[in-house]
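Read the single chain below, which is given as structure tokens and is the form predicted alone.
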């Protein structure tokens, strides 16, 4: 298990993480969401021991990460920077990883390389950003870590390569029970890959949710009434938001979808449908329900 226990990290008076407490179960695919400057990259660098917390403890499997070589052999961080291996070829990257990760698998490397077919003996400085990201993923998965952390995991990849990289990571999770934490502000990517998501804002976790539970717990009902209705007309429904537009009423509710739909239909609308919500919409409504202004969350 990954654990942040009351962790604070500051830089020149700026508080990047503010008494952060969070647990991520082993075997999860965890999506860490938040606007730029929310603290996502700081969290990942604390997890990999690049940074030391000013206070609190960051631990993996009950063992503090910072200055612990044994723990670091079990984890790999792929940052949003792609220049760190510019003077190496892919073969040299492989040798570099094998030096630090004793479980590195030549068999996995060969299979993954055959899948993506990157040049083995050209310096990665000649690669596109997407190819550099692919090279890093190949080496990372071949090292067979218990924990893989990625900052903007799919940035720079074209749609075909995104599918390929996701497939490789899913197979690694299945074969090795690997835990993956992905930092991103691309909600669609997170929705397609992760089973659990957390929203970080100004150094604090606003909430963390199982994705299937999150998507099944908030609903949007579209209805048409002869007169304008309000929240008070549906006391049995936990309404987060009710809006009126062009003769239609949109009700955002939290709870059981069938019960909420039945309660709205009982008021006799001429039209009543359940409308699918995107993950972005769900997050906006969740945050507004917690008292956050969505415009502030974008800043």
Partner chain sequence: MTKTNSTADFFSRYLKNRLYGRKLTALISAALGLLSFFMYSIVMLNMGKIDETDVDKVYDASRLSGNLYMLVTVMFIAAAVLTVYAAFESFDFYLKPHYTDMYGSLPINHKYRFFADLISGYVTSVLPFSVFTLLSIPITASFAKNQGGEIYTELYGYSVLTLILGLTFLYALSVLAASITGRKLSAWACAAIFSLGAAFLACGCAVFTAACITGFKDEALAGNMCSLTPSIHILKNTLDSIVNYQPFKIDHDVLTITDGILNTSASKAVNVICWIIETAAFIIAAYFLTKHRKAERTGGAFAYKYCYHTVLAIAILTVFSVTATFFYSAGAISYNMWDMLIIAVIISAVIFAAFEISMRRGWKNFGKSSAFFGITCGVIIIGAAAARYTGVFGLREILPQVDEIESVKLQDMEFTDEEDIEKFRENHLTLLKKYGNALSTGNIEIEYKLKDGKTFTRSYQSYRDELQLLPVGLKGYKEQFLNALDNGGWIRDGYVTLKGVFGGARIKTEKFGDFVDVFLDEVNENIGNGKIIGNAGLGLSPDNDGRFARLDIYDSYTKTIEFAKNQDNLIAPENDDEIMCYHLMCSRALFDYRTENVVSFYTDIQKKDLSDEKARELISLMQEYEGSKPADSSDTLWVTCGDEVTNLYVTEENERRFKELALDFINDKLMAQADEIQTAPN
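Numbering follows the first chain given and starts at 1. Keep in mind that what you see is a predicted model, and the values were worked out from it rather than measured.
Below, we refer to the form predicted in complex with its partner chain, which is not included among the displayed structures.
Chemist: Going by heavy atom distances of 4.5 angstroms or less, which of 269, 64, 27, 49 would be at the interface with its partner chain in the model of the complex?
Modeler: So the residue touching its partner chain in the model of the complex, by this definition, is 49.
Chemist: Report the residue, out of 72, 111, 185, 201, that has at least one non-hydrogen atom within 4.5 angstroms of its partner chain in the model of the complex.
Modeler: By the 4.5 Å heavy-atom cutoff, the listed residue in contact is 72.
Chemist: Taking its partner chain as it sits in the model of the complex, is residue 87 in contact with it (heavy atom to heavy atom, 4.5 Å or less)?
Modeler: Heavy-atom contact with its partner chain at 4.5 Å: present for residue 87.
Chemist: When the contact criterion is heavy atoms within 4.5 Å, does residue 122 count as touching its partner chain in the model of the complex?
Modeler: Residue 122: no, not in contact with its partner chain in the model of the complex.
Chemist: Please tell me whether any heavy atom belonging to residue 128 falls inside 4.5 Å of a heavy atom of its partner chain, as the geometry stands in the model of the complex.
Modeler: No, residue 128 stays farther than 4.5 Å from its partner chain in the model of the complex.
Chemist: Residue 210: heavy atom within 4.5 Å of its partner chain in the model of the complex?
Modeler: No, residue 210 sits far enough from its partner chain in the model of the complex that none of its heavy atoms falls within 4.5 Å.
Chemist: Counting only heavy atoms and a 4.5 Å cut-off, does its partner chain in the model of the complex sit next to every one of 11, 79 and 103?
Modeler: All of them do, each having a heavy atom within 4.5 Å of the partner.
Chemist: Residues in which of 191 to 199, 111 to 119, 130 to 138, 92 to 100 have heavy atoms within 4.5 Å of its partner chain in the model of the complex?
Modeler: Going through the listed ranges, the match is 92 to 100.
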